[in-house]
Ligand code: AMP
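Listed next as structure tokens is one chain, alone, in the form predicted alone.
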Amino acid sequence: MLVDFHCHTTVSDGVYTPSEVVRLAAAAKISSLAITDHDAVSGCREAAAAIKREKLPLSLLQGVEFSIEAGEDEVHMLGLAIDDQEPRLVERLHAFSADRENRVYKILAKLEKLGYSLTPEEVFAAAGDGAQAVGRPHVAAALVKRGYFNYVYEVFDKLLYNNGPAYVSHLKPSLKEAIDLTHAAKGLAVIAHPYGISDQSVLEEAARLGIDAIEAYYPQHTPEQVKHYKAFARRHGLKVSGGSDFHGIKNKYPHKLGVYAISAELLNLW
């Protein structure tokens, strides 16, 4: 059985709608999938409805991905198997998404001063009607469409990287709040793609604060890193998770669901 517990849709910065994602997952013989959009859970509901309506052979975990300020780092944490109706979680996700939208206007003001003219309508069009977490990828996509750049990654490399010329921060929970929100929603708190955290002592802090699992299996992790993070999990009594971080972006691996999927036997979330 293949599983993938980290996946994005058009509700945040993915290319495919939630309905399209679950169809792709079923076609790829994935038996269990988690949709983990940034600061939003509505994609989970659409995906669940599509699975039921089309009788797809797929179980769905409702999830979300938090962005967290931790010193110099932006740490990402997944909430897996959450109750997406939990009032406190819903309230905070709404606040995070609203702040992301306000952030777009601040980024555009910076871009204007740097000589890049772009309207809010262009950014929101790049995000699509169903998006609830509009962000830097949509700004970058709009700049590419305008012809300022050839590829989204070029925009990030030149303008939108953390603390870059057009970067603007947005409202983020602390690590403790993200863990508490996940636990209040009866979910598992999972540190995502830990290889990308420059200060690895953050992982020790996460374990102390009550994290449940670590995403040891990830497309950019080397075999040595997988082994290292599994050992970290054993040492701290944590569970092991894994996922593709699929967005459906043409030049971002994995560009297709199922290209990177994990045998359920390798994980121990339940």
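Each residue number is its position in the shown sequence, starting from 1. Everything quoted here is computed from the prediction, not taken from an experiment.
Keep in mind the form predicted together with the named molecule is missing from the figure; the text below concerns it.
- The closest heavy atom approach of Tyr148 to the named molecule in the predicted complex falls outside 4.5 Å.
- Although the partner is absent here, Arg103 sits close enough that one of its heavy atoms falls within 4.5 Å of the named molecule in the predicted complex.
- In the predicted complex, at least one heavy atom of Phe156 sits within 4.5 Å of the named molecule.
- Mapping the unseen interface onto this chain, Gly187 falls outside it, with no heavy atom inside 4.5 Å of the named molecule in the predicted complex.
- The single contact residue among Ala192, Leu89, Leu175, Val152, judged by any heavy atom lying within 4.5 Å of the named molecule in the predicted complex, is Val152.
- Only one of 113 to 121, 130 to 138, 175 to 183, 195 to 203 places residue heavy atoms within 4.5 angstroms of the named molecule in the predicted complex, namely 130 to 138.
- Looking at 234 to 249, the one residue that comes within 4.5 Å of the named molecule in the predicted complex, counting any heavy atom, is His247.
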